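To begin, one chain is listed below as structure tokens, in the form predicted alone.
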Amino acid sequence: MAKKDNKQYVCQNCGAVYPKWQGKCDACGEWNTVEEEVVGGEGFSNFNHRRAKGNLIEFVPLFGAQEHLYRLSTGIRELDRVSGGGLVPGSVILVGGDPGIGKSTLLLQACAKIADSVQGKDVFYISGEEAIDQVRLRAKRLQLEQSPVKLASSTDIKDIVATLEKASAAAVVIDSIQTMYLEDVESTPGSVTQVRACSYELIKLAKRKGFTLFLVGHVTKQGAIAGPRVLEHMVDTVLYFEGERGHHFRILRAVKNRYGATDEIGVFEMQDQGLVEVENPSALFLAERQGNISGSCVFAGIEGSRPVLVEIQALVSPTGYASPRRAVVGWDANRLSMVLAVLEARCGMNLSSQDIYLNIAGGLRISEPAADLAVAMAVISSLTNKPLPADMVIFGEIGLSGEIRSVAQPSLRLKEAQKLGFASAIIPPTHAKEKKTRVDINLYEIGNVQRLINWFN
């Protein structure tokens, strides 16, 4: 009698497993995400329990000779920067982002440049979402129709693996992993089991054949890669493509990289001919800035290893509601609430009857606490209707007791400000152990938020 396949119910949002169906997932709290899946067959999820013993593995010391890490340039400097200096053969890169943000456009441009530079190997672009004619239309719009990229439309992992086994590939793009399926896994494409099984087969092949594998991943409405985070653990690099639809800037951010620095960013501008690299993001973010406007200041931030200057805008107006509004774009709303609470408690400012709107100009999202001081200065400037000097940059972290704390890499921030023509800067106090920064900028060290009021008296 044949052994029956075991059924289980898996949440498609977080991967939690249940013995029977239920409407709400207890692990993540989402409704209608639990679906039936079959465990068995000869696919990825089946394990051979009849094997009694395993082979002995060999251990080696930490020291020893190692091969030189060869990197393949994509021909796109911003992409090379985010990936750590180029593509490592055998590495797997997961690219996620909102629909229509430009993931397929960027990877098609990268494939074209790699195909033009490598010799003796091919570059494959396999689409599971679009037909061949649709991809050709995009290539024609990008003026890449003459590029020697090999294009296919397929969703069957067995066919893809069999084809790539006999090919000599330098890079392969799978667009997207949620559309792929494995016949041995009895669940719908895009399910947790299918994504895990398909990714495993592709990653195993990439490691063995030594080509760079790009996986395009769908994202949820919160902006994270769809499904459980097991896919992000399986790959070597995770890149998020960010940007607001109303802005033509696109930010490629590395959140995981086994071969380079994390939190590195690449900046692109969406134009008619596709994505164009931005060599000096600071100048681009500040291009439309107007000086002598209250509620505006320039923050000197760090994204990965790159200094970036952006404009922070704040608008404070009397509220007409019982509870004032707090609208934030490009920054953490909880962080803004903390800064406002410190200004009220330590500086005696009345902000509880004011609507406050905060915006990071240019569509960039800032996460580092070094922007606290710049946000506080922008809020005070808008409240008092007094502008800050147009040639001044600000950075510093604010503590709950009102103290201004030092931040990482102040010299790199100041050098970028000096390069763009800024003449003064408000910074945290410089400790004796820290090396003095040699820049031709007037530095004003502030140790407490109470001293901020003096700039507007």
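Residue numbers run from 1 along the displayed sequence. Predicted model only: the values in this text are computed from it and were never measured.
Keep in mind that the form predicted in complex with thymidine-5'-diphosphate (TYD) is missing from the display, and what follows is about it.
A.B. asks: Given that thymidine-5'-diphosphate (TYD) is left out here, which of S153, N257, S191, T105 has a heavy atom within 4.5 Å of it in the predicted complex?
C.D. replies: Exactly one residue meets the criterion: T105.
A.B. asks: Select from the listed residues Q273, T319, S305, T262 the one whose heavy atoms reach within 4.5 Å of thymidine-5'-diphosphate (TYD) in the predicted complex.
C.D. replies: Comparing distances to thymidine-5'-diphosphate (TYD) in the predicted complex, the residue within 4.5 Å is Q273.
A.B. asks: Just to confirm, R138 within 4.5 Å of thymidine-5'-diphosphate (TYD) in the predicted complex by heavy atoms?
C.D. replies: Yes - in the predicted complex, heavy atoms of R138 and thymidine-5'-diphosphate (TYD) come within 4.5 Å of each other.
A.B. asks: Would D122 show up as a contact with thymidine-5'-diphosphate (TYD) in the predicted complex if we use heavy atoms at 4.5 Å?
C.D. replies: So D122 does not count as contacting thymidine-5'-diphosphate (TYD).
A.B. asks: Since only the chain is shown here, I'm wondering whether E368 would be in contact with thymidine-5'-diphosphate (TYD) in the predicted complex (any heavy atom pair within 4.5 Å).
C.D. replies: No, E368 stays farther than 4.5 Å from thymidine-5'-diphosphate (TYD) in the predicted complex.
A.B. asks: Is there a heavy atom of G100 no more than 4.5 Å from a heavy atom of thymidine-5'-diphosphate (TYD) in the predicted complex?
C.D. replies: G100: contacts thymidine-5'-diphosphate (TYD) in the predicted complex.
A.B. asks: Can you tell me which of 110 to 118, 155 to 163, 320 to 328, 263 to 271 lies within 4.5 Å of thymidine-5'-diphosphate (TYD) in the predicted complex, counting heavy atoms only?
C.D. replies: Of the options, only 263 to 271 has residues within 4.5 Å of the partner.
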